[in-house]
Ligand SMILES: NC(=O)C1=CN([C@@H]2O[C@H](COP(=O)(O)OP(=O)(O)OC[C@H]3O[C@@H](n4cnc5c(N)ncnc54)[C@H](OP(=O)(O)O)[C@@H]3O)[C@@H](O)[C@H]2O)C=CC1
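So this first bit is one chain, no partners, the form predicted on its own, shown in structure tokens.
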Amino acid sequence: MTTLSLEVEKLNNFINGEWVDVSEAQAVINPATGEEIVQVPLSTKEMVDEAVAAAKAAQKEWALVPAPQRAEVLYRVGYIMKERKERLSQLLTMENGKVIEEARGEVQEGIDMAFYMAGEGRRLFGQTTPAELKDKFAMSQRAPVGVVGIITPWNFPIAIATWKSFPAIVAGNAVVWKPATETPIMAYELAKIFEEAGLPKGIINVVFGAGSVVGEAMVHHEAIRVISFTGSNDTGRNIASECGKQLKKVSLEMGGKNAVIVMDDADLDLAVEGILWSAFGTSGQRCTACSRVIVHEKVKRTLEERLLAAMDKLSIGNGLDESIKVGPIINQSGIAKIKQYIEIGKAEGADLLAGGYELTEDAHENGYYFAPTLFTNAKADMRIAQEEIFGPVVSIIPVASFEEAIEVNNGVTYGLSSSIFTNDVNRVFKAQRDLDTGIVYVNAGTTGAEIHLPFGGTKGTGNGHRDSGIQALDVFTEWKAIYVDYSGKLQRAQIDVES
């Protein structure tokens, strides 16, 4: 098991191309060991003001750089990330806890996003369209918004940051970024990579600190015209409310209560693999995690038996160990929330088949570990089947038909991801039509989004915008309609039209 160390004991903000010291800081803890890794700054509102001022000044010149040239910076970022993939992956596991295999996948997602969005520098397509008058040309094109604020979570500290910052930058904007205080190292490393890749000063600004201070200041700053946020529903609603008062564009990606549907004709071994990966990868701490298994009653018992046997083989521990399959929970607050829901599930009458307890002995003594947990005979309206737990907890809900499975899947306030295991092509097409989620998987788990497709959900999961794919550009651009009249005379649309 390899361990890395940072060359600094305390991180600094990155503002206008300079590393800025902040006096107040707090410890960043490795959730696998309980040990301090580094100190993260706790910035003030005034530091946000400095970052916004730098971004606003730099953005005007950046917007005039041809988009293909802006894209060259992202290509260089991608190549540097590729060269440092293993280092970044190990640091990610240290601060976040996810197993090294998953960390490598997350870093690869950032690399892919760099190359994908760099390609958009030679597209950023607008439209040309016929005008209704003679000797007149009509077209539309994307224009940068200006200064954008991005607020990213701890569970995917580099992937989600690239989903937001890369399209914003290639579109000609400048960015002020508040990373999660639990996982600031990826932001520090990415800022260094931007610096090395030659991104002009002021285009990316990293301000570490508490959401109640840094995030609040960003949301209320009049010069920030877009807020892109990934995190909890309560915080997202508050951001949307405040941005609405300012007529500020806001993109929200929030929670999920995702289900895997297993029909009576499914390949059960494949379904078990999909459930294990979706439910217990990242220790269940992802918005796309499977926390419900909706299974046809004809195969419920067999699925339970195979799932329990597979869960029994899961190794739990420090994610830097290549043999480990399930890492720690992010902190003690996360453990406490999971414990609360275990008690809720028991009180509601669900049957606890496995897990349900914190791991505190031997190799787990100093970290934050929780046993993979399986409830069965849950009802669709139970809180454990309705509310996001954000941990390695799955509830099995039996159903009698395909139609009931769809109804149960859709009967939650969230709408991020869903999955169905079946070999019936008719069910496949009905499911992808009727499942009320932004992402649908067939014969795969609820995770595994690819960066060239839109990522986001319906209902309480978000507000209609999408991360990744070309749709991400819609968050960070405005559409501008342009008319060029070369007739030499005044022509009035809708009036001077020959009927």
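We number the residues from 1 along the sequence you see. Given the structure is predicted, the values throughout are model-derived calculations rather than measurements.
Although not depicted, the form predicted together with this ligand is the subject of the following passage.
Of the heavy atoms in residue 151, some are within 4.5 Å of this ligand in the model of the complex. Contact annotation: residue 209 falls within 4.5 Å of this ligand in the model of the complex, judged by heavy atom distances. At least one heavy atom of residue 230 is located within 4.5 Å of this ligand in the model of the complex. Among heavy atoms of residue 273, none comes within 4.5 Å of this ligand in the model of the complex. Only one listed stretch (141-149, 425-433, 177-185, 395-403) carries heavy atoms within 4.5 Å of this ligand in the model of the complex, and that stretch is 177-185. For the options 337, 85, 76, 383, the one in contact with this ligand in the model of the complex, meaning a heavy atom within 4.5 Å, is 337. Only one of the listed residues (304, 189, 388, 120) places a non-hydrogen atom within 4.5 angstroms of this ligand in the model of the complex, and that residue is 388. Looking at 247-269, the residues that come within 4.5 Å of this ligand in the model of the complex, counting any heavy atom, are 253, 254, 255.
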